[in-house]
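To begin, one chain is listed below as structure tokens, in the form predicted on its own.
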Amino acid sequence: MNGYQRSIAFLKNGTVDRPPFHPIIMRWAARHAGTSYREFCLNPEAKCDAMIRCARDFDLDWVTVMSDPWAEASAFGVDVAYPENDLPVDTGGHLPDATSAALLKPFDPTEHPRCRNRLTEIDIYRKKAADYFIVGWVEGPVAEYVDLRGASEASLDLLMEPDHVQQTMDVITESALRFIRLQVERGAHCIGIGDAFCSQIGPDLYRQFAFERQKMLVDGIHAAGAFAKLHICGNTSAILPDMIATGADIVDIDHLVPSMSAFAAMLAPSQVFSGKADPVSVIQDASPEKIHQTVMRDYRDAGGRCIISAGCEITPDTHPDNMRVFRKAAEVPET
């Protein structure tokens, strides 16, 4: 089976030779391919060539457009700097207050370079990597609001200006739905939703601001004909039942969640987890035995319904040998 066939069959609860292997690689991919991170973020050919090389060198089952969270924020007017070999940083253009945020207008993804690049990347994958599971991406409503306002300001807005925040998030969601449709039309098999800050706001605010909008995005992805993946970093134990209830086909689990076993029975037959090894203490630093034991434990805890991945991004300092061990550990899971 190739990566596309394996991923699709696993998601449809069919027979596979092994679970899909979907490690999140961004800085690691750029380093392995010998390209600067600036080029990885800004040059579609450079990113796709790096991701495809990693997929082939380490027998991954997917390729993604992931690199940084600033594509949509740039389209909304945030200024972003791209260091040669470090993470992009926001440098200005943030919305000054919640009242201004509520005046935000939807953007057209085809009019903004970073968003156009994402569409181009999917085009490249369809031509060069059609045998892999191709995953596009959008930012979720809470994460995008934080990008537009800043973390401290956004946190206060959630409590002090909820009506303005709701208005802004409606615009964010509308823009994301349009971006989703375009990515699926270009050939993405799946769209990831990144809403990392949700683990920081607690279950009540999650339900107030995020849940219904995430469900709208998942429904929009399904209506466009693709699978949906929901990624929220951190200990999401308190909101995991709601994350599952969004209907996302793939629910990412960070290593900070103690165990998937308490939540596995909540999955519908068409849903799976993805995770959840610690990228640093396990994948980067642990022995081959520890990597193997961790993958086996997580797979068992998920009742066998788990794509093999770390809880979040593989660190750039992870040795290639450890990635090979990680991939090997996914080969014969013991349920």
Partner chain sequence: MEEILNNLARCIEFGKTDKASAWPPDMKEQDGADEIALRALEEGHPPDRILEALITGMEAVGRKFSENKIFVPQMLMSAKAMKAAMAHLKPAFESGTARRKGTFVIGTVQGDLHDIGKNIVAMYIEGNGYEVVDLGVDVKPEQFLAEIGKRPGCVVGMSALLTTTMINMKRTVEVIRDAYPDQVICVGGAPVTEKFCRDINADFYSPGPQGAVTFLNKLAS
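Positions refer to the first chain, counted from 1. What you are looking at is a predicted structure, and each value in this text was computed from that prediction instead of being measured.
Unshown form predicted in complex with the partner chain; subsequent notes refer to it.
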4.5 angstroms heavy atom contact with the partner chain in the predicted bound form for Leu158: yes
Partner contact for Gln284 in the predicted bound form: the partner chain, 4.5 angstroms, heavy atom: yes
Exercise: Asn117 in contact with the partner chain in the predicted bound form, heavy atom 4.5 Å: no
Touches the partner chain in the predicted bound form: Val280 (any heavy atom, 4.5 Å): yes
Full three-residue contact with the partner chain in the predicted bound form, heavy atom 4.5 Å, for Arg27, Ile201 and Leu205: yes
Residue stretch of 179-187, 214-222, 87-95, 127-135 approaching the partner chain in the predicted bound form, non-hydrogen atom distance within 4.5 Å: 87-95
Candidate from Ser152, Thr99, Ser261, Thr110 lying within 4.5 Å of the partner chain in the predicted bound form - any heavy atom: Ser152
